[in-house]
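Before any questions on binding or motion, here is one chain by itself as structure tokens, the form predicted alone.
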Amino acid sequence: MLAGMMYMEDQRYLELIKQRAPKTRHLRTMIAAFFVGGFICCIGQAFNDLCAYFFPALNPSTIKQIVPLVLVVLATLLTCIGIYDKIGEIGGAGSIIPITGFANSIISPAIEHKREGIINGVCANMFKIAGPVLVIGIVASVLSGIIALVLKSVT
């Protein structure tokens, strides 16, 4: 009996939320994410091309290692001065999916807790958001490597 009442209250609560929640403009959100994410990727490609043009002695694989580093540093600086959060409000997933979003997810909690000190504030909270992503990524890469090794040895 009690479980049935809880279910009815949950249903009414969900209906109330649905009525009061602001309507999402899906098309506008997708277009903004597309253009913001595309712009971030264009910045990376432009930096790649500029490095190849101005530093022809650099190996292309070296340039491909430098470009993500520059994008991470740029995103970190933009996060520190509060601009990247505004970009995220406009672009949504378009600002989160590129590597710049990963840099933002690492630095944001660190900035938020900097008043607690270097060790207990910045270092302890730096990987609060990005930590699970790193763990899942590492575990997935190890598992896929093991699967590839097993499949290679079987064939």
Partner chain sequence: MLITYLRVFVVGGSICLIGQVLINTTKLTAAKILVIFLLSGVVLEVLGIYQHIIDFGHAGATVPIVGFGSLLAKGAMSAASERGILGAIAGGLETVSVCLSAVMVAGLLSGLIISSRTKK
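No experiment lies behind these values; they were computed from the predicted model shown. Rigid core (definition): largest C-alpha set, two forms, superposition within 1.5 Å. Positions refer to the first chain, counted from 1.
There is another form of the same protein, the form predicted together with its partner chain; it is not shown, and what comes next is about it.
Student: Counting only non-hydrogen atoms and a 4.5 angstroms cut-off, does F127 reach its partner chain in the model of the complex?
Tutor: F127 belongs to the contact set for its partner chain.
Student: Report yes if any heavy atom of N59 sits within 4.5 Å of a heavy atom of its partner chain in the model of the complex; otherwise report no.
Tutor: No, no contact at 4.5 Å.
Student: Quick one: does V154 come within 4.5 Å of its partner chain in the model of the complex, counting heavy atoms only?
Tutor: No, V154 is distant from the partner.
Student: Answer for A103 alone: is it within 4.5 Å of its partner chain in the model of the complex, judged on heavy atom distances?
Tutor: Output for A103 is yes: heavy atoms within 4.5 Å of its partner chain.
Student: Heavy atom within 4.5 Å of its partner chain in the model of the complex: which residues of 39-70 meet that condition, in order?
Tutor: Counting only heavy atoms within 4.5 Å of its partner chain in the model of the complex, the contacting residues of 39-70 are F39, I40, C41, C42, G44, Q45, A46, D49, Q65, P68, L69.
Student: Could you tell me whether the Cα atom of K18 shifts by at least 2 Å between this form and the one not shown after core superposition?
Tutor: Comparing the forms between this form and the one not shown, which are aligned on their rigid core, K18 does shift its C-alpha by 2 Å or more.
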